[in-house]
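Only one chain is given next, in structure tokens, and it is the form predicted alone.
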Amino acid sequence: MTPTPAVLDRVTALAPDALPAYLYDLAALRRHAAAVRAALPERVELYYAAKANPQAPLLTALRDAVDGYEVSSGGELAYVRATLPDAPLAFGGPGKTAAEMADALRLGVHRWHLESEQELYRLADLLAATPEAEVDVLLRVNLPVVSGALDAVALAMGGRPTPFGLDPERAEACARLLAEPRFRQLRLRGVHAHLASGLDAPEQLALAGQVVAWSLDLARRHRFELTEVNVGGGMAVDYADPSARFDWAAFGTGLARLLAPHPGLRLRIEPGRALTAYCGWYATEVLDVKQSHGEDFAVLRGGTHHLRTPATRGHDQPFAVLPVEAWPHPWPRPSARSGRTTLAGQLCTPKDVLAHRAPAPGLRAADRVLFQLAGAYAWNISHHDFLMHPHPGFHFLPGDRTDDQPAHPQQPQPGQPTG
């Protein structure tokens, strides 16, 4: 995966003390999102899971390609609504507080993913204060899947004991409750079943088929009109091979076949990582290179307190080395002696590693390293203030007024644009 010219130009122009920095190519993001949208059939809605990266310029860049945004907390809800006041929002997550649910109603969220019976009761009680109001409800269900189907995925949220969603028998109980008059303001539209992350297109289609079949049976048993099935996100991003992309064309064709026998049904998908990962880069420089017990270690500015993804997922973050020929010091320039180097950060923990024994022949102090696939679940899931190092810079390319808008001043800023 080659850095785009805009990213390379900006990284090259940055002074050493402006590193580390995140760089987001918004033009590349728009092209990718538009291609994903074009691959999907008409009756498939595309929502962006804001948890993957809630930066305001990224949310705005996606607006023309997506049908809406999925939020999973009161903070995400307020931030996305402030950034995009008119965008459709779906509110999910397993731990909704009463205050968050009240805010969601006030901010005009009409599509809800409910994960427990208590959430049904709580939402009905909140709606009772405005008897004319109604909202659309999907029951999030933890469906059983074919044995072993999710064993190899990076993250599984269903098909096994988890805190997410309703077991099938509890979903049946909720469907019965929603038929009672006291729940008349909650319109049961269908089922939500995000079961795993890290699935390729055939695996995603197989699970989607299971979810749709179960949802149709639920609707027949409880005599409600099934208008929507949300099959979630989790489309695979391959950190070992960034050039291997999820097959959106095959996925869209498969979804069209799945929808064909059901003219009144629409599907919804909610990718996050698979939309924004490719547009983001984490740039830094090599502070030192040293040898320990026969191995090379490069110590970088920054580390996993900025880019937590490789530590949490247990992978090596792919990267490119940008050689810097200038060495302004009178002492010898530290450099790698072997063909493989472990790229570590500045933290006082052996877990602060971005890539283990990675191919980096001749890596030297002052060279720059550009980590790929840093556009999702990177800065926003990292433990920013451990050891109190400076935060990275943030650059949204190209830097026009629309793309460089600051985060909403009333919300925590997940990264301030700098150019």
Ligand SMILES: Cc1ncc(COP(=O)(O)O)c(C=O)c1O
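Values in this document were obtained by computation on a predicted structure and should not be read as measured data. Start at 1 with the first residue shown and count on from there.
If you look for the form predicted together with this ligand, you will not find it shown, but the lines that follow are about it.
Trainee: State the residue from R268, R140, R111, H305 whose non-hydrogen atoms include one within 4.5 Å of this ligand in the predicted complex.
Mentor: Of the listed residues, the single hit is R140.
Trainee: Name the single residue among G345, G272, G280, G165 that comes within 4.5 Å of this ligand in the predicted complex, judging by heavy atoms.
Mentor: Filtering the options by heavy-atom distance leaves G272.
Trainee: Mark L89 yes when one of its heavy atoms lies within 4.5 Å of a heavy atom of this ligand in the predicted complex, and no otherwise.
Mentor: Judged by the heavy-atom cut-off of 4.5 Å, L89 is well away from this ligand in the predicted complex.
Trainee: Is there any non-hydrogen atom of T309 lying within 4.5 Å of this ligand in the predicted complex?
Mentor: No - in the predicted complex, heavy atoms of T309 and this ligand never come within 4.5 Å of each other.
Trainee: H389 versus this ligand, in the predicted complex: is there a non-hydrogen atom within 4.5 Å?
Mentor: Judged by the heavy-atom cut-off of 4.5 Å, H389 is well away from this ligand in the predicted complex.
Trainee: Could you confirm whether S197 comes within 4.5 Å of this ligand in the predicted complex, counting heavy atoms only?
Mentor: Heavy-atom contact with this ligand at 4.5 Å: present for S197.
Trainee: In terms of non-hydrogen atoms within 4.5 angstroms, which of the given stretches 178-186, 282-290, 228-236, 323-331 touches this ligand in the predicted complex?
Mentor: Every other range fails; the passing one is 228-236.
Trainee: Note that this ligand is not shown here; using its position in the predicted complex, name the residues of 363-388 with a heavy atom within 4.5 Å of it, in sequence order.
Mentor: Contacts from 363-388: just Y377.
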